[in-house]
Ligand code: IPD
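Before any questions on how it binds or moves, here is one chain, the form predicted alone, in structure tokens.
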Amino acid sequence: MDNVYAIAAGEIAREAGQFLKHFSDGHRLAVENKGCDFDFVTNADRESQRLIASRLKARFPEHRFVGEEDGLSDAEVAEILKSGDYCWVCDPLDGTVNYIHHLGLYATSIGLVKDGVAVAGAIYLPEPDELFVAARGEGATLNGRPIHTTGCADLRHAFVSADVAAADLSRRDENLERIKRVGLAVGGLRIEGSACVCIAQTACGRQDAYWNLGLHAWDVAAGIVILEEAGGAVANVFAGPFGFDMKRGFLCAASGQLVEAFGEVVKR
């Protein structure tokens, strides 16, 4: 892949991910609550974002940057992403709870958005050393090799994943009811705790779909272009085409037919 933005995203995502993997070797992991009792941030999250921001600003000083730890609202981020400027959107550590508990399901994610459209991105999974990279119109790769979704269109045969929005207790019952319905409609269901990991695994054919009602732009900016370039589809769960305002949930799947079928079950 020759796209300069995708190459940069991949190199920096890998560097940040390797930093996270070895952070606890010489640093004490400091865990704080971020906004509520079930939304956590660590010093590793913050240090990773500082690394990513510095590398991107050095390479692309004219571009804007938004990271999860900036504390911006979804509405503020959506306005920035519609501004017409190139804007890098990063999640410096997706799967923080997994990371805190030494589970390998975590990732770094760096996406580039222009005029509200994700145009390039990378997701790096440090523990298995897997780098997913894509650029709009140029395909998607895993460690340099082309990837494709399964193309699954039958919900009954689909192997899917979901997450409960831990930070929003008012919606937990609602989410769990939906998970029950989904679990009865699909071939298999897992809850993995990292949107970036799940979207990447959908893109490379390890699973067929993923949904979450509590995501933010930094969770999906890279994953959208990776998933779509691998042949998959994304949608706003309750209102059709995806938008970065993130108001109505996120769903991605191996095919457009599966997005539609899966969405019908989730939004009941």
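Just count from 1 along the sequence shown to find any residue number. The shown structure was predicted, so the numbers you read here are calculated from the model rather than taken from an experiment.
Form predicted together with the named molecule: not shown, discussed below.
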Contact at 146, 228 and 254 by the named molecule in the predicted complex, all three, heavy atom at most 4.5 Å: no
Of 201, 236, 212, 42, the one that lies within 4.5 Å of the named molecule in the predicted complex (heavy atoms): 212
Heavy atom within 4.5 Å of the named molecule in the predicted complex - residue from 175, 150, 96, 141: 96
Options 228-236, 58-66, 201-209, 215-223; stretch whose heavy atom lies within 4.5 Å of the named molecule in the predicted complex: 215-223
Proximity of residue 193 to the named molecule in the predicted complex, heavy atoms at 4.5 Å: yes
is_contact(residue 163, the named molecule) in the predicted complex, heavy atom dist at most 4.5 Å: yes
